[in-house]
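As a starting point, one isolated chain is supplied in structure tokens, in the form predicted alone.
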Amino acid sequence: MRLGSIAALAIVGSIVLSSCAANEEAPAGDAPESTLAGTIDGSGASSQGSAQEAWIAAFQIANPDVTITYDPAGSGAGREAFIAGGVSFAGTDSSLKDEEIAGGFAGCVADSGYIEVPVYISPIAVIFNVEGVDELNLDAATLAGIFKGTITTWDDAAIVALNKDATLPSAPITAVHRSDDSGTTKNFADYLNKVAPEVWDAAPADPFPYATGEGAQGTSGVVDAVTNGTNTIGYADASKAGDLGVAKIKVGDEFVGYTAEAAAAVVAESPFVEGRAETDLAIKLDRTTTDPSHYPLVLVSYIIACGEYEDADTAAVVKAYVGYLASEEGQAEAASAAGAAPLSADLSAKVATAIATIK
């Protein structure tokens, strides 16, 4: 569910009030109340939406004098807002570009650097709503053809060959993509470009590259369009798939569905992007694995924050909050609320070291 800043404040406010009441009734001898105080705003990846709602609620219960808002406006919008100094932190499914880093960050102390750390690992689900079809197998080349617009009907020979037991309708395909700049789109495109480059010949980027299909704003927009349309297909963070059909993708010689564990396995075996600062833990995902225990259509979503903030209270809240997101407790909250895969112990330790540098 997309959640604007005003709505976030309203929900968070009710949580804070409940938290205060609970604290007043707590028996003597409990842990001392948090002294952390301040307000921070974040914006960015809609894939993090469910996790951010759960994270904010839990963090504010533990820290009742803190107010946090997060606007799931999309990865591109979040990065732009952070770069311009409009928010204290950003969420993004697409790591910072070299030119974005070179341009600096208006809300940070000059030349203080930045942190970019993974906090949310999730499969991307290929969701569909096709009359009479409950299960769907797709390889990368066929999936690429559907979204590029070269495969236009559900009974196309390429789809039929992969789904011999299915009764596919002789109906046009409505392929729904993100209309906004989206890290989910970039991850989806990166997978298709790496595994089926002969079909998906566009370089991976936040904007959807082809003038085909139907565009929809944000994760919720794609899910709504697929749900309410006819013979539709789209891509979205797996936490939002709901009751829609979810296609299996071909990995090696098998068709596999997504799991958090299979997504995490890909991340664990992928290297960091080379040439970045020590506090930039952007990951170069291995999309071409042929191991069917892996699910390579995965996104890693990051938090971007300042190395040093002008305001000490802002720095303290951001440092504590981002530290919570990456902690074992925070990762468990994201797994429960959104089905996310937790960071590995090794990656978690590296993330904690980067967050510790915030001041």
Partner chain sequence: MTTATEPAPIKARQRPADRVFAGASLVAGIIILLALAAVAVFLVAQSLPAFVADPKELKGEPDSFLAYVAPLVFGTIWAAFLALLMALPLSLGIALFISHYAPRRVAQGLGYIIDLLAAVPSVVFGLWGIKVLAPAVGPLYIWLTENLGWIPLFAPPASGTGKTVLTVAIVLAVMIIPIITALCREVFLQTPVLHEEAALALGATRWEMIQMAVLPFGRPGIVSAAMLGLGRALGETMVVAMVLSPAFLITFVLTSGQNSPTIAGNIALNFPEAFGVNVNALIATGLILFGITLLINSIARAIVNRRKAFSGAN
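Only a predicted model underlies this, so the values are computations on that prediction, with no experimental measurement involved. Positions refer to the first chain, counted from 1.
Beyond the structure shown, there is the form predicted in complex with its partner chain, which is absent from this document and is the topic of what follows.
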Assert contact_stretch over 253-261, 133-141, 219-227, 266-274 against its partner chain in the model of the complex, heavy atom within 4.5 Å, equals 219-227
Any of the heavy atoms of Asp156 lying within 4.5 Å of its partner chain in the model of the complex?
-> no
Heavy atoms within 4.5 Å of its partner chain in the model of the complex: does Leu281 have any?
-> no
Looking at the partner-bound form in the model of the complex, is Gly213 within 4.5 Å of its partner chain by any heavy atom?
-> yes
Quick one: does Thr174 come within 4.5 Å of its partner chain in the model of the complex, counting heavy atoms only?
-> yes
Contact with its partner chain in the model of the complex, heavy atom within 4.5 Å, among Pro169, Gly113, Gly86, Pro207 goes to Pro207
In sequence order, the residues of 65-86 that place a heavy atom within 4.5 Å of its partner chain in the model of the complex are Ala73, Gly74, Ser75, Gly76, Ala77, Glu80
